[in-house]
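Take a look at this single chain, the form predicted alone, given in C-alpha cells.
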C-alpha cells in the first residue's frame, strides 16, 4: 500500500491512512512519500543555500531548521496524542533527523557546493520524517509497525545520485530476507518511498515517481497479491480532468496501455513503476485515499478491448523538438546511435523519435534539457556530420491509447482527420511498436483544442 504526499499531507490525512491500513485484512507493507510540499521545500533550500553569501547562511539554515522541525513535530503531537512514551520516541527521532539536515545544509552553504550526492541526502529527509510519523501513528492505533528506509528494506541501487537504478541481482534476495521475517511475525513495515542506497550505504534517490517504483519493486520481490497506489484521484481517467471535466474513469487497463499513458503525460502513476509488477504479473490498483469506496483502476496483464477503440488521450507539455541536419550524417556510421548514447550519458532522455532521412534526425526532449542537449551535441558533432541543429519550441505531445487500435484499419487516418477538422497542424508523428498508441506533436497553443476534439470523437461519442 503506497501513499503519496497528498495522502499524508496533514495529521488528519495521516489518521485517514491509518484507518485504511487497519481495514486491509491481508499482510501488507506500507510505502510512504514525504508529506505534501516537503520535498519541494528541501530542494529549494538546498539550491538556495548553496548560492547565498556565507554571512547569511547560518541564519537561513536556522530558520528553515526551526520551520521543518516545528511542522513535523506538530504533526506528531496531533497523530499520537495519548501515548506520551511513543510521542516522545517519535519526536526524538524527528529532532535527530532535523539536526542532521541542519548540519548538512550548513556544509553546503559554507562550501557553496551542492553535489548530487549531497542533494540526495537532503531530499531523503522528507521520507525519513514521514515514515517515522506514519509508523508512530499506526503503533498508537494498535498496529504492530516499524519504520524502515528503502535501503533497510533491501533496495540497493547503483551510485547514480539523483536517478539511481536498482541492482536487481542484489535486491531479489535482500528484499525478502529483510521484510518477510517481519511480515510473518505480524509486523507491518512502513518503508520510505523514493530513497534507497548504493552498495556502500550512501543514500540515493530513485527519481521522479520513485515512491511508486519502490512499492512496485517491493511487490515484485515479495510476491505480493496486489500493489495499491493510493493517491488523490479516483484512478486513471480518459484524459486530464482539468482540461475536460467530464473525463471518465477507466476501471481496467493493461500494463502496456498504462505505461504508454504514464510515459506520455498521465500524472497518476509513473511509467517505470509498471515494469516490476508486469514482470511478476502482479495487479496494480490505483485508489483514492479520499474516496476509498470507489473501485479505482486495476492494471493487469491482459489487454481487453473496451466498447470504444480509443481508451484515453493525453497531453504532454514542456517539451521541444530538436532537428539535426547535415548531408554528412549519411556518411557517419551509426549517427543516431552515437547521438542518443551521448545524450543518455548526460542523463537527457529522448521522449519520442520521428522517422529520419539520411540527412535529418528529429527527436523530442524535455524543455529544461534544451540548453544542455544543444551544448553537448555541438561539442561532439557540429562540423563532424551535423551541419545544423534546429530547435522547435512551443509544441506539445498528444497521445492516443487503446488496445482496440491494434489491427483496426484506418484508425490513424480517422485520428488525423479529426485533428485536421479541428484546424490543427501536425508537426511530427510516431507510433509505438505495441500498436496501442499513436503520438504526434502539435503547436502548444492548439494542444487543448486537439485533446478535446479527440476525446469527443473517440470516447464521448465512441
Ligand code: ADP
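Residue numbers count along the first chain shown, from 1. Treat the numbers as computed from the prediction; the structure is a model and nothing was measured.
What follows is about the form predicted in complex with adenosine-5'-diphosphate, which we do not show.
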> Can you pick the one in 267, 77, 372, 367 that has a heavy atom within 4.5 Å of adenosine-5'-diphosphate in the predicted bound form?
Replying inline: 267
> Which residue, 85, 302, 200, 242, has a heavy atom that falls within 4.5 Å of adenosine-5'-diphosphate in the predicted bound form?
Replying inline: 242
> Any of the heavy atoms of residue 455 lying within 4.5 Å of adenosine-5'-diphosphate in the predicted bound form?
Replying inline: no
> Is residue 109 one of the residues lying within 4.5 Å of adenosine-5'-diphosphate in the predicted bound form, judged by heavy atom distances?
Replying inline: no
> Just to confirm, residue 339 within 4.5 Å of adenosine-5'-diphosphate in the predicted bound form by heavy atoms?
Replying inline: no
>> in the predicted bound form, is there a heavy atom of adenosine-5'-diphosphate that lies within 4.5 Å of any heavy atom of residue 232, even though the partner is absent here?
In response: yes
> If we take heavy atoms and a 4.5 Å cut-off, which stretch out of 232 to 240, 342 to 350, 180 to 188, 138 to 146 is in contact with adenosine-5'-diphosphate in the predicted bound form?
Replying inline: 232 to 240
> Going through 1 to 36 from first to last, which residues have a non-hydrogen atom within 4.5 Å of adenosine-5'-diphosphate in the predicted bound form?
Replying inline: 2, 4, 5, 6
